[in-house]
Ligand code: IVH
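For reference, the chain that follows is the form predicted alone, supplied as structure tokens.
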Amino acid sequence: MKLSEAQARHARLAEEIRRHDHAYYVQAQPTIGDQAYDKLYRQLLDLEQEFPSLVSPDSPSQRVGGSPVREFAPSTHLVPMLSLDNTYSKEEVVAFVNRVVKLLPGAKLGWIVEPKVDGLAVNLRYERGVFISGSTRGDGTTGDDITANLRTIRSIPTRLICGSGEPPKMLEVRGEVFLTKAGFEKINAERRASGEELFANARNAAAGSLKQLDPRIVARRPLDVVIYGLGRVETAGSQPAGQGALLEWLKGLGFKTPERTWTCVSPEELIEAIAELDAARKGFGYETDGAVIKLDSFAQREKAGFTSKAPRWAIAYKYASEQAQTRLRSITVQVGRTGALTPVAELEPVLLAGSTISRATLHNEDYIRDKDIRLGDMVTIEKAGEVIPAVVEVVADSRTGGEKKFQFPKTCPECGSKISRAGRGEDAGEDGSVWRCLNPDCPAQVRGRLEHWCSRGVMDIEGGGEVLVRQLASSGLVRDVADLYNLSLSALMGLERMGEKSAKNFLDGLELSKTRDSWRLLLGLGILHVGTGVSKALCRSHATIGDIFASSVDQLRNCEDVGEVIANSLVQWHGDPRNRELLKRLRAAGLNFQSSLFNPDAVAGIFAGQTFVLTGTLPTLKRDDAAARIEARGGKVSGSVSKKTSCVVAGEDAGSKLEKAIQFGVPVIDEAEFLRRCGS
């Protein structure tokens, strides 16, 4: 067979298989039997084996998953993936509608209600109709590139259905990857048979699947997707004007959209829709934990605007969590890596939301006292956000008089050292409810710091889990994270159940960790209040770790996302001679103290220290382009106007943001003036 003939046959086979996949996985209406489908698929594989050049990213053969990766690359969203504000009250739904009415006086409002699928938010990118990449939400600005894993999900089209029309030049769609109830049961049955730990719920199983570094494992998981939103769109054709039209448009392109939605025009209709969805969702083949309420019109959404974290035109109504009652047997107190003492309820096992619960958080000493929780009590538990079990109240009527009040420890239960409430929060920025062990050498803290350092998302060191860390710490081989880099193969192989291969893998992981960017190292130090976002912000504005710790509190406070509490925490941490010595040893071990995120032009740019708000439609610039110009010159872009806003760039139909700018006396400029200030 000639290559040209093979290309034509391959194209016909691939298109036919895509049609059958869409009918089966998206429409749930198979048009061909399994045997006939397998025959087509086999023909495609045989053709690609004979002509390897025919294999393309959108070929149906690529659904099986490729080679494992060492880590996920970061992926920056072209349009931020904001989260939604939540409510558990119907009264708050009405209040939400009234707020939007005030933002859009005189406008006729329409609403769409969709099921809130309990899964993991993803962003899918298509170029000229072909699936190019996909990522997780992450922090809303940057997520993990999980393209290879997403290709294995057969309800995600690798090529859009466009008929005779031109596909969008570029299209980003947003949705939720989830696991069906049947799929969840199937995975847990397999894990039970192989002696593996069971997943707690379907959402955890979906998230855990997508975070697998080996896409071949993901391909074996029955994941599904529902698409309900847009990111960036570049198309010569017309775009939908509202959510209802968008869902139809997406469906026409081959995406699986919410199986049922409600259109409403009043708060009363919204409440009715929420109740109808609550009744209907029990019959869905997947877990839902709420109803998403969205303003239908995109033009009205633009006028309503956003806060810094969420749209003002949408809200998620969360259904009440399932609860159960059981007996509180005892309370243990765990010590974390920062020394925090957390009480944990040890319960008589009880089934709750599909899983057996034997432990639940009690938060802190004040929580136990305020709810008068006693040993031996019957208690009501629920899954907070349907994930973390928590004791919510005592069943007081069931008390017999034999229950005993719990005495919170006066010293650290792990090492016996003094504990403190950190001056009731005055120097730690806390509310004074957290007791902390004051001994930095506390074994629990040492183990916690080591586990944190090795964990995924920090230094990502293979094999550095709880079991190995406990052995390293108890044997005296490792006292802090710098000691990890002095470990030898023989020392590791001397540990229980540590073979040569596992020891080598761990040492390789340690060596690889030396190349991680400096923000991960800063995060790995476990400094109080310094999380992922703060670590990245600090490394964007400082060239090295040394530059960060050479800064004063006032200098640190000038950094994005760093307030007085965080700045003080950084300075206090570095003020300890032991911590300065730790940094010195990490540098000597060869770890990377240089920041790849550092942008000297942005730090010293003409907009340094200024916060801009973009509103309305600009004559020539897209909002993303304007934002990029601001950030490249050292400025920051916010989604809302406040008294701290430096300038508002307003275009046509600017709406409420322009009104607020005038109210606060914030300078307002048009695109022409903005470009002049940019030097364009």
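Since the structure is predicted, the reported quantities are computational estimates derived from the model, not experimental observations. Don't overthink the numbering: it's just position in the shown sequence, from 1.
Here the subject shifts to the form predicted in complex with the ligand, a form of this protein not shown in this document.
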Inset, instruction - Note which of Lys536, Lys116, His542, Arg151 lies within 4.5 Å of the ligand in the model of the complex, where distance is taken over heavy atoms; exactly one does. - result: Lys116
Inset, instruction - Could you work out which of Arg137, Arg447, Arg125, Lys383 is the residue within 4.5 angstroms of the ligand in the model of the complex, going by heavy atoms? - result: Arg137
Legend entry - Contact check for Leu84, Ala121 and Lys294 against the ligand in the model of the complex, heavy atom at 4.5 Å: yes
Inset, instruction - Answer for Pro311 alone: is it within 4.5 Å of the ligand in the model of the complex, judged on heavy atom distances? - result: yes
Legend entry - Any non-hydrogen atom of Glu176 within 4.5 angstroms of the ligand in the model of the complex: yes
Inset, instruction - Spell out, yes or no, whether the shortest heavy atom distance between Trp453 and the ligand in the model of the complex is within 4.5 Å. - result: no
Inset, instruction - Answer with yes or no whether Tyr228 is in contact with the ligand in the model of the complex, where contact means some heavy atom within 4.5 Å. - result: yes
Legend entry - in the model of the complex, segment of 549-557, 492-500, 75-83, 91-99 with a heavy atom within 4.5 Å of the ligand: 75-83
Inset, instruction - For the stretch 462-495, return the residues whose heavy atoms include at least one within 4.5 Å of the ligand in the model of the complex, in the order they occur. - result: none
